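Presented below, as structure tokens, is a lone chain in the form predicted on its own.
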Amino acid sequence: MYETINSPFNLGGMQLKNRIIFAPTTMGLPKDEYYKKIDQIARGGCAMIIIGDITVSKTLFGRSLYSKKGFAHYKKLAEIAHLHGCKICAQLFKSDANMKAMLKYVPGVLTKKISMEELRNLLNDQVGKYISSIPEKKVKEITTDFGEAAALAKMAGFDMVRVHGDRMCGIFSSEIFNCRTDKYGGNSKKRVRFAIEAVASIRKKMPDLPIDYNLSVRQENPHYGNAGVLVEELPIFIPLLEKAGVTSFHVTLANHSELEDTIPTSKHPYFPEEGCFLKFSDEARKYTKLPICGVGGLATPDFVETQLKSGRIDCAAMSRQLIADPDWVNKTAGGHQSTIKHCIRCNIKCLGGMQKHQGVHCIYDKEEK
């Protein structure tokens, strides 16, 4: 039972023990609690964990691969994953936040007068002007940083890197935000240049390293997502990204709108169903033969098995479900699927916890205390 879920798969030259991947998740937890959570998820049987929020540049904010403490942190995560036969992927990104503008909001965040969602909206209002003001020389330095960061990630023990197709890549890709008039702005081929240079920088530095690309798709009629690309632009973006060195795609809804859209509840007006973003994977499939990882409220073994077995997607990424029950994979492999604690997509303690500066938790957690 669930033979496809639990079957090995070659993802860009890297062998996964099954088809389930933990999607990148900002946990907002204290260090030791975070390590414990990653250990639980790896021990639960998933094939790979994607660690998000890994900046490609040196920074004074948060952890960096370039600092001694930051490097040690990521090395520790790799060791935890590998201890359980789980691969680990570094999601590399460049923040699109204007840090100088952000400083004025710091007091409000620290005193919790400004919520994470409010901060997000304040920063999103400025990203277009910000990326349009970056000099060409600086843009090239940023894309080059992706290669340097990938090399450091490999040294820290990561098995794969993933280019975050949202954040700055997504802003440059989006005609909504990108108002540049140079070689990085204008038509689709120009707007994808930033992402292409980022991927090519990694491929040049690390010729054999698997590169996943988080392909963020913007939807119109009705409108959801602001960064990323339109479905109509996929025939241009996907071949160019492949040529640059991408070995697989992770397809999802573009960001920079309400978090409840990209992390939808079961009562969302447009994305209430399980597998709500798989239609974007269907569109991407038309233009590539590379592996595609799907995401979007995936939770039940029967549904996930059907999507994988049909070839609709090659791997399934989950976040909230593996937070609700880290043993999801082991339970499907051992015939104990009836004991799975299913995510009901309420967002009360996961997204809600982040928005309240309490960290990501789950309504099921209290049952374990």
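Numbering starts at 1 and follows the sequence shown. All values reported here derive from a predicted model rather than from experimental measurement.
Not on display, but discussed next: the form predicted together with a small molecule.
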In the model of the complex, does Gln91 have a heavy atom within 4.5 Å of the small molecule?
yes
Would Leu11 show up as a contact with the small molecule in the model of the complex if we use heavy atoms at 4.5 Å?
no
Distance check, Val246 to the small molecule in the model of the complex, heavy atom within 4.5 Å
no
Wondering, does Asp53 line up within 4.5 Å of the small molecule in the model of the complex on heavy atoms?
yes
In the model of the complex, segment of 313-321, 300-308, 31-39, 65-73 with a heavy atom within 4.5 Å of the small molecule
313-321
In the model of the complex, which of the listed residues (Cys86, Val295, Val127, Met160) lies with a heavy atom within 4.5 Å of the small molecule?
Val295
Report the residue, out of Asn178, Gln219, Thr144, Thr262, that has at least one non-hydrogen atom within 4.5 angstroms of the small molecule in the model of the complex.
Thr262
